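Listed next as structure tokens is one chain, alone, in the form predicted alone.
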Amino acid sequence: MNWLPTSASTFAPEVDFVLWLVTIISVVSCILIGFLLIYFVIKYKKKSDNDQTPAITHDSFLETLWTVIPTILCIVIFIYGYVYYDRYTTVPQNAYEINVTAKKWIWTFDYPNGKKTLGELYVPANKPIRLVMTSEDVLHSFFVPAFRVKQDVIGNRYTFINFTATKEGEFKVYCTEYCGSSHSNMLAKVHVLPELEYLKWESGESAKTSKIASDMPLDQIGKQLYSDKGCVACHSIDGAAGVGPSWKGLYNAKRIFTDGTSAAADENYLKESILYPGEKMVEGYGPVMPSYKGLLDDAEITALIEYIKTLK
């Protein structure tokens, strides 16, 4: 099944089974109808000008057959679909609950112990997970292909996803409901960790999951964070206009604010803009950037600033 994403949850094989069932029924039906169509065209082809079309009224057996068989197939598909949907919507016992917030164009995750992450969801393997999701603005949709789970995320109400990850590793999250100009950049990752590694991360981020703990140069870490933390959705690095100012040539550039004041985009200004984006609004841009306070630590902010310095 190379044409399908990796199967990495208890629910995925059930979805794949229904998909294969519908595909096989559709292919067999298509081949059968095509064969019969060609057969009848050849069999009843007019052979001479004197040939007369037979007077055919109806055939009760055939009419019953092509009514009963598709009905049975539809009922079978419905039963499998209903049973699997019921499992999908039933909250597992002792599920680990994580709150998910969507906002143009980022995902944030809040854990029971107060920890918060941006663009990266951490879960233990082989443990039931329940995501409680809401949107702060427009309609979004949370989709993890490897888990075969997808659910719209709506403002002013909660929606839910239940899953149990069966494979360790990193899996992509997509927004599958068009939500604006940077919709395609609204990405995230699910990190599925062994239970002990997850407990270690939960109590204090482990070296395995920390980018800052790696041997990469700070600007390269910042480049990676630029994509992982959702900065790419609003800030270009090539000078192109976007929802937010481009990062190209930003460092030490003069910024003119809506209140008429100005300042150079040095390290302190950049850090303040990341933590408190509404304090100094640059002319021509709206107050759409969320605060990253509590979502990025000092080391990650430093890495982002070092990356911005390289974009000349």
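Owing to the predicted nature of the structure, the values given are computational and were not obtained by experimental measurement. Numbers for residues come from their place in the sequence shown, where the first is 1.
We do not show the form predicted in complex with ligand HEC, though everything after this point is about it.
For the chain shown alone, residue 129 is not a contact residue for ligand HEC in the predicted bound form, no non-hydrogen atom being within 4.5 angstroms. Interface residue remark: residue 304 is counted as part of the site for ligand HEC in the predicted bound form, having a heavy atom within 4.5 Å.
Within 4.5 Å of some heavy atom of ligand HEC in the predicted bound form lies at least one heavy atom of residue 235. At a distance threshold of 4.5 angstroms between non-hydrogen atoms, residue 308 is in contact with ligand HEC in the predicted bound form.
Stretch-level contact analysis of 102-110, 156-164, 83-91, 191-199 against ligand HEC in the predicted bound form, using heavy atoms and a 4.5 Å limit, identifies 102-110. Using a 4.5 Å cut-off on any heavy atom, none of the residues of 179-195 reaches ligand HEC in the predicted bound form.
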